[in-house]
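There is one chain below, alone, in structure tokens, taken in the form predicted on its own.
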């Protein structure tokens, strides 16, 4: 009975999650008349599919062109995630293997300080970031938004990677140091190859949060470096083009789906077997 309930819940939740994506995918191939006539889901039976919505977002019809905005999002997300995973991984390794602090202030407090950066709502940081980038002449630039997103992505990476490094036996570091490695060499040669699952998970979270950022993209960019989420929001005018918005929604998640398929091979656990001799 419990197994039936479990499978029923899984099926229900899967349908619940896939329903909005199914609606968006079907709507992206509808004409305005097909959208206004009511809910239909079977192409060539309930409606005649068309590519008008996709032509709108790809610049073919002249309505909009989201490809430059997608390129901006790819550049910003890639470098912000790369910096966050690189520096955050090094910081997490140091917090996992060494002891810092003074009196009652220790590693756990430092880790909490990192993750506490995510507690602040973005609206609180909007004006300070705006003034900072304005003085540095980095408003509406790739570099400015990369730096801002890195400040929010790195705490997530540190928080995830510290727990992962804590699960790797310290004997691996000690054996590497006995063979003549310094701590940085031990990390690069012994620990890093075993950290691929943790790096993959951290990268997935960093890319998802960076890719979906909307608030800072609206506040800190204008025309030169408009990202994909900001461009999708701008599509909504006085008359809501549901067919175009649906196509843009599917278009905007395709890179994330491709990225997850690429990194999922590194998510397999059990890589520590045989590492300690």
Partner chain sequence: MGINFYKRLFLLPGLLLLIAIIIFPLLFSIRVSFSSWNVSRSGLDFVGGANWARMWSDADFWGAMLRLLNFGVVTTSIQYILGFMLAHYVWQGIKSGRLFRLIWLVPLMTTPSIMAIVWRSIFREDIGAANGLLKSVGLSTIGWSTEIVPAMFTIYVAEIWQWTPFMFLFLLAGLLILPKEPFLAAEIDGSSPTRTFWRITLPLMAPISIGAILIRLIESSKIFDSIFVLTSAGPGNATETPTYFLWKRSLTEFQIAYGATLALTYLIVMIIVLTIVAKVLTYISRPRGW
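Just so we're clear, the structure is a prediction, and the values are computed from it rather than from any experiment. Positions refer to the first chain, counted from 1.
Not pictured, yet referred to below: the form predicted in complex with the partner chain.
*Asks:* Might residue 100 be said to contact the partner chain in the predicted bound form, defining contact as any heavy atom within 4.5 Å?
*Replies:* Close contact exists here: in the predicted bound form, residue 100 approaches the partner chain to within 4.5 Å, heavy atoms only.
*Asks:* Can you check whether residue 209 is within 4.5 Å of the partner chain in the predicted bound form, heavy atom basis?
*Replies:* Although the partner chain is absent here, residue 209 would touch it in the predicted bound form, with heavy atoms inside 4.5 Å.
*Asks:* With the partner left out here, check for me: in the predicted bound form, does some heavy atom of residue 138 sit within 4.5 Å of the partner chain?
*Replies:* Contact check for residue 138: no, nothing within 4.5 Å of the partner chain in the predicted bound form.
*Asks:* Is residue 232 part of the interface with the partner chain in the predicted bound form - any heavy atom within 4.5 Å?
*Replies:* Because a heavy atom of residue 232 falls inside 4.5 Å of the partner chain in the predicted bound form, the answer is yes.
*Asks:* Which residues from 106-121 come close to the partner chain in the predicted bound form, meaning a heavy atom within 4.5 Å?
*Replies:* Contacts from 106-121: 110, 112, 113, 114, 115, 116, 117, 118, 119, 120, 121.
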